[in-house]
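A single chain, nothing else alongside it, follows as structure tokens in the form predicted alone.
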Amino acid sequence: MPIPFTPEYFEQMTPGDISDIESMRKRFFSEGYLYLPGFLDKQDVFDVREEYFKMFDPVIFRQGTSPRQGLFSGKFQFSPYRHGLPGHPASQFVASPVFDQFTRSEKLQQLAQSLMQEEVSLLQRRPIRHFYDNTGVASCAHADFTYLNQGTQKVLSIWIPLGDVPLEGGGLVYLKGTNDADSDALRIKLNKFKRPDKDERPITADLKALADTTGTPWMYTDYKAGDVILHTPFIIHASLDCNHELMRLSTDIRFASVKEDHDPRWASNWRGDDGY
């Protein structure tokens, strides 16, 4: 069921300020997420966006626009459901020097270490997400640890929009107050609502039903290139459908404590069919 954009269901995020790192640490581990607008250089982000979209046939771009803009023409080169499979540009891009250098930024590493207050390392699996206007392809409500539960719980995720992502562009949203929620219990309670076939790990695809069940809104913002948002492995989050001419491009990277074992499934490059 569509979710209405009303105060009952959506609440604006409050930006963080890392000049007071101790205050931000407390807020991060209490609320489960931390939104940092303008943390990265905007042009660096658009450089990555451009390099990715240059790998596609120009048929996917609106006439008279550039890959750097990433405006959808309404025509596909690849089906959205082939995303990241062999032969698709995303499967090649995650192994590229451009992507590797960007995601291994010292600034991102230091941010993760400051919040976790210990030495961390970047997990090799770093997905690229690419959503198109009016396809209904999005990320269901879930908690990250469901997908990396064969290793340490000391994991921090950083979601990076690779370009502007307004609300209607399919941005990430967080269910308020769910950093310590029982995801399994919610999954059972929502059993009657729509869920993806075969995969029991997502909680639900019905974001309205989940908000109604918990009595809490989804936290949102209109993301700009350069923004990042960090979250714990336990907070419930999802993405909205992309209903905008801007193609939604993003990556999510994870840092984990070097002192503990990591989930071995996250030690290789992401593939669109790896199931995680």
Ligand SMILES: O=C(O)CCC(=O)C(=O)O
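Throughout, we count residues from 1 along the sequence that is shown. Not measured: the values here are computed from a predicted model.
Note that the form predicted together with this ligand isn't included here; everything after this is about it.
Self-check item: One stretch from 230 to 238, 40 to 48, 217 to 225, 22 to 30 that, in the predicted complex, holds residues within 4.5 Å of this ligand by heavy atom
Solution: Single hit among the candidates: 230 to 238.
Quiz item: So which of 168, 206, 144, 133 reaches within 4.5 angstroms of this ligand in the predicted complex, heavy atom to heavy atom?
Solution: Contact check passes for 144.
Exercise. Answer with one of 123, 162, 90, 172: the residue that has a non-hydrogen atom within 4.5 Å of this ligand in the predicted complex.
Key: Selected option: 172.
Quiz item: Could you tell me if residue 11 has a non-hydrogen atom within 4.5 Å of this ligand in the predicted complex?
Solution: Contact check for residue 11: no, nothing within 4.5 Å of this ligand in the predicted complex.
Exercise. Please run the contact check for residue 176 against this ligand in the predicted complex: heavy atoms, 4.5 angstroms, yes or no?
Key: Flag for residue 176 set to no.
Exercise. Decide whether residue 252 counts as a contact residue for this ligand in the predicted complex under a heavy atom distance cut-off of 4.5 Å.
Key: Because a heavy atom of residue 252 falls inside 4.5 Å of this ligand in the predicted complex, the answer is yes.
Quiz item: Looking at the partner-bound form in the predicted complex, is residue 109 within 4.5 Å of this ligand by any heavy atom?
Solution: Although this ligand is absent here, residue 109 would stay clear of it in the predicted complex, with no heavy atoms inside 4.5 Å.
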